[in-house]
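As structure tokens, one chain now follows by itself in the form predicted alone.
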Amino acid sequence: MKIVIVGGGFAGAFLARYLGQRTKNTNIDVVLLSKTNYLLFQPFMIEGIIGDIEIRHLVTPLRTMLDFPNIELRRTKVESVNLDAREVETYSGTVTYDKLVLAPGSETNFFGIPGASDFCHQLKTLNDVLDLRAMILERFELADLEKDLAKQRQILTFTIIGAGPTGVELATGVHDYVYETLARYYKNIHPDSVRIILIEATSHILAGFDKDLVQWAEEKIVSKKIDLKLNSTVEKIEQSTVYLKNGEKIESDIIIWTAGIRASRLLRSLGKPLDRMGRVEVNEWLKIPGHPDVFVLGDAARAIDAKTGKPLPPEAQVALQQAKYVAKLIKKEAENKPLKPFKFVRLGRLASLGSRNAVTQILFFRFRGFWAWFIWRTVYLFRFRGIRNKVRLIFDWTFAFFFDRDITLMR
């Protein structure tokens, strides 16, 4: 039986690994189609930007992670999927399948706001990490030469749109990088010239977190002198300018969009109805109705939570649980054994607030401050693949604890 997996993110890569580990005595061959030959560990991208982690340590090579006899990795881009012909069209040719797993991930959703896709930076890929780090350092180099304080202030205004976990972690991470490291070495920059703005369209940050944790996190953000703008909807964006619907205009050299995602455009080739986030509907076994050999996982799947009756959110823990379930299901089907429908179990929510601060929800427990930050790092450390990678991360964190973060501009 030939299983084709589209996408080398959390869902696709871990599904392939589970199938490699657990199907030694079954006739299952796996082909993973991925745009990259590595798995990017997105929870630590911001630590890569600010120098707490070496950027090359954010990735795990898929070929070493999936070194099993029955797994083949093909680095290629998928163009379309023909469900009737049971074919996947890629840049390197047509791939047929017996079972197909679609886990192509997501892309940034700009919600049709004029100028957003043209003038906003994103935080989705390894290149985004490299670019944002370089841009921050470039702005400090430029500002260090600028004598006009007004121009210096514009150069050093960083605007982040979207106050979910990514936006909050980015704002607080950049703040700590600026004031704990960069301010020490750029002698001609006045600290008041740096402005970090975090814009959120709703009344609170960190949607889904407990109210007490959200309130504490908002107070912590404000105490860092991050300009938190709640109930602020973006109307349009022009080069170096953000316009809010309340009439406010923000001049900023770096504008970063973290306000939302939508499923990969690849799903449009399926000819199936898609929801407003571009996801395809799946049943309780994570299959497309009418296509019992086609699974959809992660950000691409509109899977309903059995407890709440609402669609599951696009989170890594959802993708990982789905991957483990589908691996079991495929094995059970190969043995003609039944398996209960997929049931998501929320393990918690985690968000860093910069150096040695975080908020965490783990089952019935709530933490904030240093211990929450320790839990945040520990949980994600154990999710990272490979002993070698874990050791590298621990070494990076230890080095950053005793020495300054790196400020080398490598471009």
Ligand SMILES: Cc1cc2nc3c(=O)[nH]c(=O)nc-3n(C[C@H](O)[C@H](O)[C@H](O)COP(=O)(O)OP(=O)(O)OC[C@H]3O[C@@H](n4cnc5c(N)ncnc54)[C@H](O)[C@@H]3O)c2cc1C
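Bear in mind the structure is a predicted one, so any value in this text is a computation, not a measurement. All residue numbers are counted from 1 along the displayed sequence.
Beyond what is shown, the protein has a form predicted together with the ligand; the following relates to that form.
Gln317 is the sole member of Gln152, Gln317, Ser252, Ser232 with a non-hydrogen atom within 4.5 Å of the ligand in the predicted complex. Only one of Arg366, Arg385, Arg356, Lys35 comes within 4.5 Å of the ligand in the predicted complex through a heavy atom, and that residue is Lys35. Shown alone here, Pro43 lies within 4.5 Å of the ligand in the predicted complex, counting heavy atoms only.
Under a 4.5 angstroms non-hydrogen atom cutoff, the ligand in the predicted complex has Thr76 among its neighbouring residues. Residue contact check for Gly162: none of its heavy atoms lie within 4.5 Å of the ligand in the predicted complex. Using a 4.5 angstroms limit between non-hydrogen atoms, Leu266 touches the ligand in the predicted complex. Shown alone, this chain has one stretch from 324 to 332, 119 to 127, 191 to 199, 235 to 243 that lies within 4.5 Å of the ligand in the predicted complex by heavy atoms: 119 to 127. The three residues Gly7, Ala11 and Gly298 all sit with a heavy atom within 4.5 Å of the ligand in the predicted complex. Scanning 141 to 156 for heavy atoms within 4.5 Å of the ligand in the predicted complex gives no residues at all.
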